[in-house]
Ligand code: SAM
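Consider the single chain below, provided in structure tokens and representing the form predicted alone.
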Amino acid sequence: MPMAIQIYDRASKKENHLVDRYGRVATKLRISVTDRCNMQCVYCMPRGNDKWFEDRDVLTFPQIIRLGQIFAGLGIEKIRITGGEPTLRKDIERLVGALSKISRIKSVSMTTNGLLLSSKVNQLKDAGLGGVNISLDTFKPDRFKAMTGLPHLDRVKRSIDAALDAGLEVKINTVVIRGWNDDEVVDFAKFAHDTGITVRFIEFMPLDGSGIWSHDLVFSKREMIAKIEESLGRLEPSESKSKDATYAPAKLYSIKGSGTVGFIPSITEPFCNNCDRIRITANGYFMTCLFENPGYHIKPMLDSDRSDSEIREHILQMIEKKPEGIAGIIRTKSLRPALNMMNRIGG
């Protein structure tokens, strides 16, 4: 049964055409520019993975820019560049610059693992990048290597500093896995308190190519908050009336004194009702949901002589088919490991 929710009023809907059958309105677009990554995180893809998209199957920059223009005309306001690891894509700053110049696009940001960011951050900032979400799941070198497959924690830390120095808005994304890094939740909260950088804790989702996901590995938002409050005192929900805060996946809390932490409780408190995000994969699939598989292949339309209006109409038809999301998967007891592979769909 449809959720029959209303996110925006009718006047707002007239300005945004990307309304699905549940009444949700998409205003944010995630564009993956590559499935390749220089890490192999346990919650993302298999260790030793060497199966990448063929170059001929990956969207070109002109195709991505064209899609950005089409989606902007349909009401998309914010674009986030993802991967894989987006800094592996040659001349990524050129794409950032082009996307940031599209009329109606208010901001362009990026999600990155930080390994290469410090060497590119000034070019990205100059091109128009507004912010970065940097993935960091542990402060312990040995554990970092166990979780990512690489011993380069120091590089990620340097990239955090470089991004701050460049004037970018910086957030840290921390996937919390029971028995792996749940004992560092308080350390990350202290980091947020001491630095002023927002840390967003993400419940472990079955988007792992490694196939290790299970309910037992999910360390819940409630458990995280209890652990932090035991050490740092009560967390106060951040009050914001902005549309962005209302529909953001992370619910933010203030730490007594200073600092902000957020929680993305995809498993224990699904936020599908408020979803305002859609995605384009590196190989040109339009995905209305993280758990949609395989999505709708839009690249053939770009490769042929199909017009913008034809592509636009195809997008409008597909958005109406957007599924309920993980909430429905949980309700039907259909959760299982590797429902999708995060590096292939983009975060």
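So that there is no doubt, residue numbering starts at 1 and follows the sequence shown. All figures in this text were calculated on a predicted structure; none of them were measured in a lab.
The same protein also has a form predicted in complex with ligand SAM, omitted here; what follows describes it.
Novice: Just to confirm the contact call: exactly one of 118-126, 101-109, 191-199, 170-178 touches ligand SAM in the predicted bound form at a 4.5 Å heavy atom cutoff, so which is it?
Specialist: Of the options, only 170-178 has residues within 4.5 Å of the partner.
Novice: My question is simply whether G83 lines the interface with ligand SAM in the predicted bound form - judged by any non-hydrogen atom within 4.5 Å.
Specialist: So G83 counts as contacting ligand SAM.
Novice: Is the gap between F286 and ligand SAM in the predicted bound form 4.5 Å or less for some heavy atom pair?
Specialist: No, F286 sits far enough from ligand SAM in the predicted bound form that none of its heavy atoms falls within 4.5 Å.
Novice: Any chance I315 has a heavy atom within 4.5 Å of ligand SAM in the predicted bound form?
Specialist: It does not: once ligand SAM is placed as it appears in the predicted bound form, I315 has no heavy atom within 4.5 Å of it.
Novice: Does M205 reach ligand SAM in the predicted bound form, with heavy atoms at most 4.5 Å apart?
Specialist: Yes, M205 lies within 4.5 Å of ligand SAM in the predicted bound form.
Novice: Taking ligand SAM in the predicted bound form as the reference, which of C44, I280, L67, A26 has a non-hydrogen atom within 4.5 Å?
Specialist: Residue within 4.5 Å of the partner: C44.
Novice: Using heavy atoms only and a 4.5 Å cut-off, decide whether all three of N113, M342 and G346 touch ligand SAM in the predicted bound form.
Specialist: Yes, all three are in contact.
Novice: Using the arrangement in the predicted bound form, list in sequence order the residues of 120-145 with any heavy atom within 4.5 angstroms of ligand SAM.
Specialist: The one in contact is S135.
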